[in-house]
Each structure stands twice: as C-alpha cells, then as structure tokens.
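Single chain ahead, written as structure tokens, the form predicted alone.
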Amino acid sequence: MLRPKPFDHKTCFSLKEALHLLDDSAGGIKILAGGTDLLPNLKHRLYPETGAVLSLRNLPELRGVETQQNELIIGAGERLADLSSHPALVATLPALAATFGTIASPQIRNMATLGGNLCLDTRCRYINQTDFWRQALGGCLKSHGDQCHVVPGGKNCVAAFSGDAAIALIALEAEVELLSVQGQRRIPLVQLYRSNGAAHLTLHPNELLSRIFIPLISGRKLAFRKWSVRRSIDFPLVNLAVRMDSDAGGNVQKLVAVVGVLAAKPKVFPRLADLLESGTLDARGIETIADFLFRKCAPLPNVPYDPGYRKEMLRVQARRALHALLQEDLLSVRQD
C-alpha cells in the first residue's frame, strides 16, 4: 500500500480564512477539494515539499449554480456528479452537463469538484509512478531531474493536461474568477494554462479559483468527445470539444475546436469556419476539418498508448463530434 509522507491537515470555515492561510503559506500548502487527484499524487510522493493540505470542504461560498445577465455561474466547489444532473445546467447547457457525467467514474464524480478538475495536475508516464520507480529512472524535469524522457534534450516539461471539463468550457468561452487577499481577477479560462508541464497553471501561489462564468449564447452548439481504453476511471487518451455558432439562417459564423492530452496546455483552433467552402457544415466540411486537426495535432509518448494510434483516434473523434453538431439539439454531447 502506498502511503504519503506525513502532512498537516488544515480546515477553514470561511473564504476569508482560507485566503489568509494561502497567503501566509507562501505556496507551501496544497488545496484539497475532492482529493481525487491530490491524494493519489501525495501517495506517489510527487510533491515532496508539501507540508500542509488546506481543505475547502466547509466553504459554502464556493458552491452554487445561478444565471445572471446571460451567464451561467458555477461555484468551483460544486461536485461533478451534482453538476451532471443540476436542473439549471441541464436546461441551459445540456451538453456541458453530459460532459461532466462522462468524467472518470460515478464514485470519483461524487467526490471530485469542478475547480479541482480545472486545476488537475499534468500527467506523464515517466512521473506518475512510485517514488522508487522514479528514483531508478533518475528523475525528470518535473521530478528531481534535468532531462525529459519524452523529448530527449528538451528543456520544457511536456507532461499532458488530461482534464475533460476545461476542454468543453474553453470551447464555450468560459472565464474564471481567482481570489486572493489582494482582491480578485477574472480571466478567460484558456489563460489559466501555460505550456510548462512542471508548472502548468498561471494561478498565483496565494490564489484560489472560486467561480466559473459561462456565456449563454443563442444558436450555439457544442459537441464533446473523448477516447480511453476503458470508458470509466481512465484518464482520456484523446479528448476534444467543438463549438459552432450559427445565425438564424443556419450559416456558420464561428467554428472552434479545443484539443487536450497533447501537452500541458489545451490547444485551441479558433478559425475552423474558414475551412467551410459553403458556409455551412456538411459532409465535405466535416472531412476537411477532421483532416486539418489530424495534421495539426501531434500526440507525444507522454501518456500510455501508441501516439500514432491516438492521432488516428483524434481524427475519428473529431469527425464524430462534427457529425453531432448537425443534430437539432441546441447543444449535444457524445462519448465512445
């Protein structure tokens, strides 16, 4: 049985108290929400510097789902299982609710929070192992080493971000609210990530992700697809979301794809509508866009399974996502 190193467990009962604890820790404290990612990583001793864990379980300020001024606002502490069936979410963004329902397994969704999934740590086949295994390998750029085993000679960690919620939310142009004792800031969700697997979040050490804002736009469709060896529990080996905005006449105004599990930062393709010759999404356009994404995305051997096969599966899932957009539902989601 894997056991973590001893650590202090801190509990707070107000958001103000939590922010002051974060500020006083100077980055030496880890956030515990659902714990479905943090606790396994602690057991694998991926964070040897961790001296304390701060639980957010008792903070009602991080919960809630509401609609204000054509925005859906979700508290970062909401659990994925609750969101997958929340009446407000199902009524306004059914594809997003269904996406939340495909993440991991029912047991994990009952514990995991939306904020935790957005802040999911990056993964790599060379670091998500036991401490003994990593020592035998000699470490890597993310774990007490000076070399990348995925890209020999590379100077930047390419551990992959494998979250599902962020892919769909970035496609929907979501923004996030970040709080600290100095105040708050609101940024597009896509700006929460950077291309460094060893430090992939732009969160400041004393900041806390508190709320997610999703614009509600008429004529918008979403399709989310992912592939993994097993349909539950496994992290995705390929995932992508495609969003289409159309006018009243059915003409495509904007077509955006977001692809994950490539590197530390989701990859965004914002101008896919330019590839549609007729201005509408048809069978020919679907093949053109699927082939375009196939050419532009290069999976690395940073997660299990053959990268060449993952690349082929990306084209398959892109094709299926685009076909899903042709359905009559306002938003649609599918998973294989």
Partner chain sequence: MADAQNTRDRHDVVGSRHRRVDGLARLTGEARYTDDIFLPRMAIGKILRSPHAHARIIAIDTSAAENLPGVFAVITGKDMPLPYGIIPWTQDEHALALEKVRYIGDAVAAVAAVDEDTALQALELIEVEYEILPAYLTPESALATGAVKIHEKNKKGNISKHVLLEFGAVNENMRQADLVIEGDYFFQGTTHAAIEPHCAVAEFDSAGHLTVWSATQVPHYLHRELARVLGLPQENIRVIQPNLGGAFGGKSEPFDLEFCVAKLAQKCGRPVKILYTREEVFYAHRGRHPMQMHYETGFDKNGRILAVDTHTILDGGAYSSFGLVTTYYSGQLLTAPYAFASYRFDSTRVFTNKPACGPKRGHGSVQPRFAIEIQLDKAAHALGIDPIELRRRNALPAHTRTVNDLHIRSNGFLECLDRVEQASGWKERYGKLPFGHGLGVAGSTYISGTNYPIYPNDMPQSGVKITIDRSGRVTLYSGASDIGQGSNTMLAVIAAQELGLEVADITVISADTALTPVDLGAYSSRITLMAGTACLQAAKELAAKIRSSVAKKWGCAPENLTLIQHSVRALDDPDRRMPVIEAFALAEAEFGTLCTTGYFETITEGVHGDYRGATIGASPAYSFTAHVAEVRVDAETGLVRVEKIWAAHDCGKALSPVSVEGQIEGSVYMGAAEAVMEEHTTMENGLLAAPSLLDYRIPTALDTPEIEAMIVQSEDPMGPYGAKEAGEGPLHPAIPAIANAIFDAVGVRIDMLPITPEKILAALRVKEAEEKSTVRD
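Residue numbers count along the first chain shown, from 1. The structure presented is a predicted model; accordingly, all values stated were derived computationally and were not measured.
The form predicted in complex with its partner chain is left out here; the points below concern that form.
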Report task. Examine A324 and determine whether its closest non-hydrogen atom to its partner chain in the predicted bound form is within 4.5 angstroms. Result -> no
Query raised in the report: At the 4.5 Å heavy atom threshold, is E312 in contact with its partner chain in the predicted bound form?
Result: yes
Query raised in the report: Would Y193 count as touching its partner chain in the predicted bound form under a 4.5 Å heavy atom rule?
Result: no
Query raised in the report: Should Y305 be counted as a contact of its partner chain in the predicted bound form, where contact means heavy atoms within 4.5 Å?
Result: yes
Query - Selected contact from S232, T92, N156, Q253, since only one has a non-hydrogen atom within 4.5 angstroms of its partner chain in the predicted bound form - result: S232
Requested in this report: Name the residue from S85, S180, T202, Q129 that puts a heavy atom within 4.5 Å of its partner chain in the predicted bound form.
Outcome: Q129
Query raised in the report: Which of these stretches, 164 to 172, 204 to 212, 67 to 75, 233 to 241, has heavy atoms within 4.5 Å of its partner chain in the predicted bound form?
Result: 233 to 241
Query raised in the report: For the stretch 1 to 16, which residues lie within 4.5 Å of its partner chain in the predicted bound form by non-hydrogen atom distance?
Result: M1, L2, R3, P4, P6
